[in-house]
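Heads up, the chain below is alone and in the form predicted alone; it's given as structure tokens.
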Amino acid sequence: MTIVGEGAEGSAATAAMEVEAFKRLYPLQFYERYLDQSVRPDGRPLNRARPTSVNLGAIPTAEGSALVKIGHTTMLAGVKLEVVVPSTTAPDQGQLAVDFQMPTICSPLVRPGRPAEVAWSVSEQLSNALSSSNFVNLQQLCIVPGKAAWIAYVDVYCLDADGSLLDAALLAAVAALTHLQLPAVKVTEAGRVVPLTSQNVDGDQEEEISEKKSEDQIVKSRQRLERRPVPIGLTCVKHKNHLLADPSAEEESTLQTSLTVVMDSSDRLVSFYKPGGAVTATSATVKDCIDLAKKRVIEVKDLLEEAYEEAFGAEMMVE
């Protein structure tokens, strides 16, 4: 009995080694065997995204922060505020500055002292998506027109780069901005911005005051950002007639042709990215990506609402 059992275990181990060897030698053919059956090697359907989680308030020292996971892909985002003089072209608006970093811990492909090429691309696409979506009302960041405004620095750090980086980075940035609270401040006639703490303003009084003017100062209460449609991204990879939603890093490198759709929670198309690849994106392919993105928006919107309720109570965050 023992000998038979050991033989069965040995056969299973040998078979597993043969499968792994075939996968390493012929990765594309390995995937095609599964794709022809409309499934991935891990059993996930082609149109399904990986398990996703959103946790607000991950960085206690930041004005707003979030930790996001899509499968193994992990992003940490933080928001810091600084007072600046508004630009002359937009004296009644604040500013939004976005940065994306890929430290060496996120992937063996990222080498010390050499920035990952994909980091620059994701950073630019992330900034464009937030700007084009108008998710942040820049006028709300204004303290005193022409004199003082907030600049919000949104820093996103990739802790694990396992595919769909823009999707996860955008979700982390949006979640961190959702968690953001603009602090209560007063502005003297000299233009000096002074933070108001619990020691120099009553909490109940602070909630009632949105803006108060006196002879020598302007007081603005603590507030969260205005609710606006949320931009959400979905990356797909195309191979022959197959379209895979939310690919892992292995799927992206093997199947190569990727497309990313960014839509907001009002079903508005914000942006579309296709960074080259062997397969042409036909109008039918683009439509299929948009249809998958619409379903993904509903899923992620619910996750954001749940995270917001957990952090702040039952107040709804997403329109």
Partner chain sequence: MVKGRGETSASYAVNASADAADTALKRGGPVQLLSPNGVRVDGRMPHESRFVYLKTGAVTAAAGSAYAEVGQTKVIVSVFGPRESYKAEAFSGIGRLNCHVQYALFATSVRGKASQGQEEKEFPVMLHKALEGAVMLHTFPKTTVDIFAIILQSGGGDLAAVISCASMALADAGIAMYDLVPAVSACCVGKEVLLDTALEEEKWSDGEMMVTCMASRNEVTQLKITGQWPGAITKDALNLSLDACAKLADVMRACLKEQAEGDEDE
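These figures come from a predicted structure and were not determined experimentally. Residue numbers count along the first chain shown, from 1.
Below, we turn to the form predicted in complex with the partner chain, even though it does not appear here.
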Candidate spot C236, P275 and T285, all three touching the partner chain in the model of the complex (heavy atom, 4.5 Å): no
Selected contact from G163, P231, G94, G78, since only one has a non-hydrogen atom within 4.5 angstroms of the partner chain in the model of the complex: G78
Answer option from K147, R192, R111, K240, heavy atom within 4.5 Å of the partner chain in the model of the complex: R111
Proximity of Q140 to the partner chain in the model of the complex, heavy atoms at 4.5 Å: no
Heavy atom of Q37 within 4.5 Å of the partner chain in the model of the complex: no
Contact test in the model of the complex: L56 vs the partner chain, heavy atoms, 4.5 Å: no
Heavy atom of P115 within 4.5 Å of the partner chain in the model of the complex: no
Stretch in contact, per heavy atom within 4.5 angstroms of the partner chain in the model of the complex, of 154-162, 223-231, 177-185, 124-132: 154-162
Stretch 261-275 - residues with a heavy atom within 4.5 Å of the partner chain in the model of the complex: none
